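Listed next as C-alpha cells is one chain, alone, in the form predicted on its own.
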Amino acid sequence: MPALDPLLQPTRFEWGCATSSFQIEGASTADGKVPSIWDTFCAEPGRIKDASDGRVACDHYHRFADDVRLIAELGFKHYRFSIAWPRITTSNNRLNVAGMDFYKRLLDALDQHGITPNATLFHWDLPAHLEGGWLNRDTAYRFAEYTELVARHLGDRLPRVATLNEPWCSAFLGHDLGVFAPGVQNRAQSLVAAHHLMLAHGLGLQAWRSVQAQTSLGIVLNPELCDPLTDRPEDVQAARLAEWERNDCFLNPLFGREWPDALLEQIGELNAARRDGDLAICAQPLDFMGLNYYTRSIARAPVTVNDAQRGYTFVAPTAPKRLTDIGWEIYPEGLTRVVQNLQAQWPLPPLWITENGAADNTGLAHGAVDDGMRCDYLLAHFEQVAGLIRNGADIRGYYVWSLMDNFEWAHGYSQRFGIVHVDFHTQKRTPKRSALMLQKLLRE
C-alpha cells in the first residue's frame, strides 16, 4: 500500500471530495425548484447519450445525511459542492425559502461530522427563465443578486466560496460546440457568453464582499494544456489558439488584461457586449483559484470550415496512449505543466486542485468495485502535486472528482467518475477500491 508524500499529509494539506448540484441532487421539481437550462437540454431528444436526465440522479436531496456520513467515514474533512441557483430562487428571482433550507440542513450535517464546506455558486445549472441566458448581459447582474442572497443566508457558514465552475464549458461547450446546455452553435456568441460569465464573476465578488467581507473568495477554472500534433508552424499556432481560448479568455480578465487580438476579432459585430469598465469589474481581488485537471489536448491546424473559425482542430489520442473509459489520455505530468505555464503568465493567488479524477467504469462484482485504473491515476497525480509543492507552488489542497457516480452531463450515466459506486435503481452506495485506498491514506 502506498503512503502519502510528507508534503501531502492531512495535518498540513487539505483533502476533500467534490460534487455538483445538478449531477447528484435530483428532486428536480421538489419544494419550489424551478427548471434549469439542463432540465430543458435533457428533455431535447438526442442531447444526452443514454437519453437520461437529472430528475433523480443520486437522490442526494433526500439522502444527504447518509452521504455526509459516508464522506466522514472515508476520512475527508473537506467537501466541495455547488449550490443550485434554481433551487433557492423563484421564477421572479426571489428567495425560495424551502430550497435555501436544504442547504442549511446540509451545512448542519457537515458541521456535525467536522467537515468544512467549500461551496461553488454556479456549476452550469442556470435558471431556465433568465431570458437569453449568458448571451444577455442582464444575467450577470442577476447572478450578483443571487450571490448576495446566498451570502446573506449562508455566508457566515461558508469559509471559502467560488463564483463559477469552469466557465469555459458554459461558454464554449454550451454556445460554440453545442454539446452542453443550452446547445447553441455560434462561435461569436460563445465569446459573448464568456465575457458575461467573467462579468458575473466580478459582480458576484463585489456583491458577496458587501455582505461577508471575511469569506475567502475565488473561481474554479479548467485551464488547457494543449500540445501541437507536429512541430509544423501551423500546428504550433493552432495549439496556441486553443490555449488562448481556454486560458487567456478567462485568466486575462481576472487580472485586468485584455483578451488576445485573435479572440477579439472573432466576436465581430457582437463586440458591443463589451463596455468600458468591464475589465475593472472582472479583476476583483482573488483569495484563491481552483484548478480542475483531467488530461491534455492535442491540436493541429484546422481541418473543417467550422474549425477554421476557432483556428484549431483537436486530435483524439491514439494507441499506445493510456486512456480512461471516457477516452481521455492519462497524462499526470500535464498537471505540473499546466501549473507551471500559469505561474509563468499570471500572478496567481493560492491554488487548490478542485477536481481531478478518472472515468473508470469497472462494475460491481461480489459486492465490491476493483477500480485499479482509477487508483493508479490518482496516485500518479498525487505525485505531481507533491512535486509542484516541493518546487515552490502554493497548492493548499486537493479534491477528488467525484464522491460518487452521478449524472455525467451529455454522457448521462454512461460514465462513472465516483470513488463510490451508485446503483441508480436502488441508490445503494458502495465504496470502491479507490475510496478505501484514500480512506487508508488519509488515516495513516
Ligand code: FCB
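Since the model is a prediction, treat every value here as computed from it, not as a measurement. Numbering starts at 1 and runs along the sequence shown.
Note that the form predicted in complex with beta-D-fucopyranose (FCB) isn't included here; everything after this is about it.
Within 4.5 Å of any heavy atom of beta-D-fucopyranose (FCB) in the predicted complex lies no heavy atom of F122. At the 4.5 Å threshold, heavy atoms of Y398 stay clear of beta-D-fucopyranose (FCB) in the predicted complex, well away from it.
At least one heavy atom of N292 is located within 4.5 Å of beta-D-fucopyranose (FCB) in the predicted complex. Shown alone here, F417 lies within 4.5 Å of beta-D-fucopyranose (FCB) in the predicted complex, counting heavy atoms only. Only one of 374 to 382, 26 to 34, 403 to 411, 64 to 72 places residue heavy atoms within 4.5 angstroms of beta-D-fucopyranose (FCB) in the predicted complex, namely 403 to 411. The single contact residue among E166, D360, D176, E245, judged by any heavy atom lying within 4.5 Å of beta-D-fucopyranose (FCB) in the predicted complex, is E166.
The partner is absent here, but in the predicted complex a heavy atom of E355, alone among E224, D235, E355, D278, sits within 4.5 Å of beta-D-fucopyranose (FCB).
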